[in-house]
Structure formats: C-alpha cells, structure tokens
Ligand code: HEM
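Below, in structure tokens: the form predicted on its own, a single chain.
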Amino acid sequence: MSPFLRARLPERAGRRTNLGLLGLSLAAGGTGVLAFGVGAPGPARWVVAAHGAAGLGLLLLVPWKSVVVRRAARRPLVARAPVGAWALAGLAVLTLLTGVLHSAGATGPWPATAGLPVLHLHVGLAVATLVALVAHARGRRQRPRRTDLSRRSLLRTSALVAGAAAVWGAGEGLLRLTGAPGAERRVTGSFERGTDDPAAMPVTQWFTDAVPAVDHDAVAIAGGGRVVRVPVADLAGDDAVRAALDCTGGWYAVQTWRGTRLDRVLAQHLGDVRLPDDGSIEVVSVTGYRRRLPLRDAADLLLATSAAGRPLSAGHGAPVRLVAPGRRGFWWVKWVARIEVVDAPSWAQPPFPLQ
C-alpha cells in the first residue's frame, strides 16, 4: 500500500465506508433476487452484470474497512464489535467466494459442499448474510446528513460504482483470456447442460414440488364458465419452438420443443366464449404447482409433449409441460393438468412460487 493511501485511510474510513458497504450489499442482494426472475437475454445481461459488480465492489472498500476494524480493536472490550460482526464478515466472504467460483465454472457439487451445487450454497449463504446484516445494523442507525447529497459525495459514489464495474469487467476479461468454463456461461449466469439431448438435462423442479406418481391423459381448459377436457394426444401437434430452458439451479439447455401453441388451444375450445381483455392464463400442474401469465402472451406459449423429437420423460414434465420462451425455468410448469383463463392480472401473485 502506498504511503499516500496509508495516510488517507484514517481520514476517510468510518461512516462513509460503512454506508458504502451497506449500499453495495443491498445492491448485490437485490440484483441477485432479480436475476432469478429475469430470463430475457437483454435485461438479464444488465442485471447479472450489476449483481457481479456490486459483489466484487465490496473488495474495493476492504482497505478502509480494515482501518475501522483496527480502531474498534483498540477500544475497551465492552465497546468492541460483537461476535455477530465477525460472523457477518465471514458469511460475506464465503458468499463472495462461492459466487466467484460459480462464475468461473467451478459449479460442483463437491464433498466439501455437502453435495450441493455451488450456486445453491451461494444463495443459502447470501440469505444468511442478509439476516446477519439486519441484525448487525440494528441499533447502528445513521441519521441522514446534508453532506450525503453534496457534489463531493455523489462524485465519490460514482467513483465507487465505476470501480466496481471495472473490477467486474476485469474478472470477465480474465475468464475469457484464460478460457475458463465461466466464459461460456449464458447471460443469466447458467451453464449449458443437455442441449438437443433431453436425457442429459438435469431433472430439477421448484423446491416445493416433486415428480408425481400418477400420470394423467387429459388437460382441462377452462374459461368463461366452460370447462373442456382435452386428451393429451390432441395436444401433440406440429407447432415447434426452439427455446432455452434456463433453470434457476444454474443450468440451461436449448431444445426444439413440439406440441400445440396455447392460443390455438384456447381458440379451438373457448373461441366462442367471451374472455377478459386484460386477463391471465393460470397454468396448474397435477401437483398443485401453478403460475399465472398474461393472456396476451398466449401465442408465445407452447403446450409441449416432446423435446428434440423425443416424448417428454416423467422428470421433464410428461405428458405435457408449458414452454415459456424468455422466462426462467420456474415458469415452465410441468405435468400440466389445467389451464384457466382468469380475470386477474398476472402480476397479482408472488414473484416466486410459494406452493
């Protein structure tokens, strides 16, 4: 460390350092949650980049935070940081480390991670870090100051944001320069698993769901007071969509999915029924799992019965699953048993499934 920087650290370390760390931590957590919900390549690229930059940006404040820690160590024992502060620091380091490992392509699972993929461990550690952060921040409220919105403060904030973006960009460049597996990940951060080979795709589902033991041979189509049961065989149509199933578990696979477009199914069976102009389509699995999508998107949705020319397997949603291009995997409802047009907005539901 240069003598100039060493001389400036005591002057600058303190409240602004802690606020910077808090801001970056909240930004990393918020964009991390948002990254799970964004599947379209354009928005996902920016969200994931912001998530990575916010996380790596924490490293820029380590020299200043080390001064704060040394100051606290010189205080009387009763005034020193509690054990919770050290736990928060440890959790933050592990969260950052697992995030870097996943981005680099070291996805696991390993014996050291108890058989969990690194991404799952990263998410679990992030949740624990958030809890520790809230506990640590209680009783340490900082009152707003007029100088917080001064030109100098805004310039410092801009410099921190630019520095965080530079660190993230340097990391991405290093992955490409070294040819690390992380250089090939999708813009959402997911790695390829089983493109054009459905049997090689991992069999995963939302943590509250499970592969059903009982098969079914028809799908109920409902709307406007009418319910029609459509045999699965009638849904094995010639509509085809090439789309990426991008799972929040950290993998993706591109397949050619074949079946019948949802707008065709609705037109055939509910064509003479008045449907709400701004309604939604509620897709329900035989397990009770459900997601609601805008009715206007029906032409972009597919009720698929096969992938890559092969019938769907039980683990991948047989006999019928929803294909929702541009959305993350938890929107692709498996084992579809009922589709109902409802007079309710699609946003009036939890952003992530709770059932």
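We number the residues from 1 along the sequence you see. What you see is a predicted model; the values in this text were computed from it and never measured.
Omitted from view is the form predicted together with ligand HEM, to which the following refers.
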### Candidate site Ala28, Gly52 and Val123: all three near ligand HEM in the predicted complex by heavy atom within 4.5 Å
yes
### Message
Please identify, from 158 to 166, 274 to 282, 184 to 192, 222 to 230, the stretch that has a heavy atom within 4.5 Å of ligand HEM in the predicted complex.
### Response
184 to 192
### Message
With the partner left out here, check for me: in the predicted complex, does some heavy atom of Thr95 sit within 4.5 Å of ligand HEM?
### Response
yes
### Task
Mark Leu56 yes when one of its heavy atoms lies within 4.5 Å of a heavy atom of ligand HEM in the predicted complex, and no otherwise.
yes
### Query
Looking at the partner-bound form in the predicted complex, is Gly259 within 4.5 Å of ligand HEM by any heavy atom?
no
### Task
State yes or no: in the predicted complex, is some non-hydrogen atom of Thr107 no more than 4.5 angstroms from a non-hydrogen atom of ligand HEM?
no
#### Entry: Option touching ligand HEM, based on a heavy atom within 4.5 Å in the predicted complex, out of Asp196, Asp215, Asp234, Glu172
Glu172
### Message
Give me the residue from Ala89, Ala243, Leu130, Leu116 that has a heavy atom within 4.5 Å of ligand HEM in the predicted complex.
### Response
Leu130
### Task
Pull the contact list for 15 to 48: residues with a heavy atom within 4.5 Å of ligand HEM in the predicted complex, in sequence order.
Ser25, Ala28, Gly29, Gly32, Val33, Phe36, Val48
